[in-house]
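The chain below stands alone and is given as structure tokens, in the form predicted alone.
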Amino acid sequence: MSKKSLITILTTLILAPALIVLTWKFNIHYYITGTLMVILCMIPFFISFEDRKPEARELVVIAVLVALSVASRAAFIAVPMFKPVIGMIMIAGFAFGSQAGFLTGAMTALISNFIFGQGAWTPWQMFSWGLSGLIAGFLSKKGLVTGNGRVKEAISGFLIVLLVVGPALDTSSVLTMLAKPTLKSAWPFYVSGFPANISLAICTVLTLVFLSKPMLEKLNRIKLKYGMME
């Protein structure tokens, strides 16, 4: 396993969850946690530049993707739990790899919550949305989705929301609203959250079906032209 892969695993799958647990256990303010989360997810992203000197325009592309993802969430502000934001984050991961996908997801959650409201749930959203981009980048790198048609991308999006993003956000509700969570007191949160997760998963599927192909065609041209990311 390469050094970049090890650093990505360490920061996104070990340090980031540990940071969230510390937030809950010691009641650390979510703004502090969000800032530390951004720093963590930037580490593997900039490690991807290890062998070459990045140009500002490469960072601008990621900033634009974050802005588009934030806008996609804000545009559906009147429709609860039916937002294309996860699909947009996954497209960033498909195009530019796991590190860029995780950074796009985490930054999108933090920035868009200045519109939707910050709270103890913000670090959980940053982590879970970042994971959707990270997993999308991994699947793309392994050739499991991108290049095999929009159906596999849509299926992967549905499963990521249902198995990763949704349960993580339900867990944040459990830890935020229950002083001493137990299996008996926690399971209603997961059951009640399932319809919302299904709604978000369907919206993610529709986003990937209609937007992944045209967006990836343009993003891949940019990536090849400037030799960006992974």
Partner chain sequence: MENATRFSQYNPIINFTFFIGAICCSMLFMHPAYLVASIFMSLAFNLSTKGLKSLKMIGFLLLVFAFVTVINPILNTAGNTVLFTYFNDRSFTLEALTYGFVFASIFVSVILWFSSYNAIMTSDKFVYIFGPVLPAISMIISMVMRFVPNYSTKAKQISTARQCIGLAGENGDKKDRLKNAESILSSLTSWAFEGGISTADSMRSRGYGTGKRTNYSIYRFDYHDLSLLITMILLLGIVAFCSISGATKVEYLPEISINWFDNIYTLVGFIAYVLFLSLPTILNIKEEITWRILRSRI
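Here, rigid core means the biggest group of C-alpha atoms that superpose within 1.5 Å across both forms. All values derive from a computational prediction rather than experimental measurement. Numbering follows the first chain given and starts at 1.
Another form exists, predicted together with its partner chain; not displayed. Remarks below refer to it.
Peer 1: Of these, 139, 81, 154, 120, which has a heavy atom no more than 4.5 Å from its partner chain in the predicted complex?
Peer 2: In short, 120.
Peer 1: Could you spot which one of 168, 70, 201, 40 gets a heavy atom to within 4.5 Å of its partner chain in the predicted complex?
Peer 2: If I apply the 4.5 Å criterion carefully, the residue I get is 70.
Peer 1: Can you confirm whether 29, 32 and 64, the three residues that make up this candidate site, all sit within 4.5 Å of its partner chain in the predicted complex, judged by heavy atoms?
Peer 2: Yes: 29, 32 and 64 each sit within 4.5 Å of its partner chain in the predicted complex.
Peer 1: Would residue 164 count as touching its partner chain in the predicted complex under a 4.5 Å heavy atom rule?
Peer 2: Residue 164 lies outside the contact set for its partner chain.
Peer 1: Answer with yes or no whether residue 25 is in contact with its partner chain in the predicted complex, where contact means some heavy atom within 4.5 Å.
Peer 2: Because no heavy atom of residue 25 falls inside 4.5 Å of its partner chain in the predicted complex, the answer is no.
Peer 1: Closest heavy atom of residue 191 to its partner chain in the predicted complex, within 4.5 Å or not?
Peer 2: Taking the distances in the predicted complex, the answer for residue 191 is no, it never comes within 4.5 Å of its partner chain.
Peer 1: Is residue 215 one of the residues lying within 4.5 Å of its partner chain in the predicted complex, judged by heavy atom distances?
Peer 2: Yes, residue 215 is a contact residue.
Peer 1: May I ask you to list the residues of 181-212 that have any heavy atom within 4.5 angstroms of its partner chain in the predicted complex, in sequence order?
Peer 2: Sequence-ordered list: 185, 188, 189, 210, 211.
Peer 1: Would you say residue 215 moves its Cα by 2 Å or more between the shown form and the other one, aligning on the core?
Peer 2: It does not reach a 2 Å shift.
Peer 1: Just to spell it out: taking the C-alpha atom of residue 89 and the C-alpha atom of residue 19, is that distance smaller or larger in the predicted complex than in the structure shown here, given it changes by 3 Å or more?
Peer 2: Result: farther.
Peer 1: Are residue 19 and residue 159 closer or farther apart at their Cα atoms in the predicted complex than shown, with the shift being 3 Å or more?
Peer 2: Compared with this form, residue 19 and residue 159 lie farther apart in the predicted complex.
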